[in-house]
Structures are given as structure tokens and as C-alpha cells.
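Take a look at this single chain in C-alpha cells; it is the form predicted alone.
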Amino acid sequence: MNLILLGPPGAGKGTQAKRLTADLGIPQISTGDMLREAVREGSPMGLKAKSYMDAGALVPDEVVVGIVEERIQQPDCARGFMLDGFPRTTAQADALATMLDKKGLKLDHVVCIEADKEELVKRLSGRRTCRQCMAPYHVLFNPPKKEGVCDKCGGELYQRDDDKEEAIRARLVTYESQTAPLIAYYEERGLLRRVNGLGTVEEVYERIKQAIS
């Protein structure tokens, strides 16, 4: 099964993708994770991507498309895949369709997780990450036992630049103007499955399973 998860920043796409891929036995392809790894390593592509990510803007298509194309060609995608964070524009959707067509593949479902804007700001601005082991935390939903200190390794917790409120609101504006048209794009093709993203992780996951069953 080949799937895409759509939705604004903070809608829970990454969390739900991990659960779905475990159940379906297919790999999760998260461009966000791959880009952040490149940023941490300080590669030329990572440095280029960081300037866009910190400003809350979309990373250019040529950077993202190259990453995803290579990933889809790997053997573990033979039985299917879950795309999380790609495509973000209709131009990327067209590029994806071309890639899949070359391989004789097609998309089965495009799941769109929807959530209120202020809820998204609250979710994202509360995120913290350990500088040493990269463990994720949230000041409201998953706080560490000691403020500012990682439970696992004792490392310092920090707020990523793209999780600060000003950058978050810029990312949401970018999403609305550039990424939301994908909803219409996939709806026209009969692939879109809308899911309410409010509630517990389990509640949202059950809605997704019903949408793709």
C-alpha cells in the first residue's frame, strides 16, 4: 500500500505515520527527518535547507525531490511506503506522480489530518529536543521529570528555531498558501481521505484506519 499523509505542521503526521507503517509493514519516508539529519551533519544540502527551515519557509523542490526519488528506489519500498512531509506543493505532486509512473506504481490513499490553527501553535511551540540524544519532549504533553533536562541521558533540552511561535505562524501561512492546494489536487483524483486531528493519538489513529480500510 502506498500512502501520503497531508496536514499542517503539528497535525501529528509523523506520529501517525510511525504507527501505520508498523501495522502495514512498510517504511516511513519522512523528508522532515531526512532534512534535519542533513542539518545536524552540516552537509551542503543541510546548510541550504536550514536557512529555509529556520525562516518557516519550504525547502526548494530540487532539494526535496532528489532526496525522495533516491529513497523510493531502495529495496524496502518494494511492498509500499508512507510519505510523510512530501509532497508539499502541486509541483512536487506532479514530480511524484512521474516517479511512480516510471516504476509502474500508484498511490492508494492520501490522508489529510485537519486541526485548528491555535491548537497547532500550542503543540509546536511546546516542543523541546535533547541536544545529545535527540529525544523529544513537550512542556505540556510530555514534560521531562526535571525542567530543561533529558530523562534519558541528562542532556540539555532546547527549542528548535522552527518551533518558536513567530516561525510557526510563518510556517502555517506558508502551508495555507503553497501546500493546501494539494487537498484539492488529490480530492479531484479521488484519493483524499479527510481525518479530524483533534483528540488523543489513539483516537486519531482509529479514524485513519477507518478512512483507508
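Don't overthink the numbering: it's just position in the shown sequence, from 1. Rigid core (definition): largest C-alpha set, two forms, superposition within 1.5 Å. Here the structure is a predicted model, which means the values were calculated and not measured.
This next part talks about the form predicted together with a small molecule, which is not shown.
Using a 4.5 Å cut on heavy atoms, which of H138, R131, R79, K117 is close to the small molecule in the predicted complex? Selected residue: H138.
At 4.5 Å between heavy atoms, is V195 in contact with the small molecule in the predicted complex? Outside the cut-off, so no.
Give a yes or no for L191: in the predicted complex, does one of its heavy atoms lie within 4.5 Å of a heavy atom belonging to the small molecule? L191 lies outside the contact set for the small molecule.
Looking at the partner-bound form in the predicted complex, is R127 within 4.5 Å of the small molecule by any heavy atom? Yes, R127 is a contact residue.
Report whether the minimum heavy atom distance between L20 and the small molecule in the predicted complex is within 4.5 Å. Taking the distances in the predicted complex, the answer for L20 is no, it never comes within 4.5 Å of the small molecule.
Would Y137 count as moving between this form and the one not shown, using a Cα shift of 2 angstroms or more after superposing the core as the test? Y137 C-alpha, core-superposed: shift of 2 Å or more.
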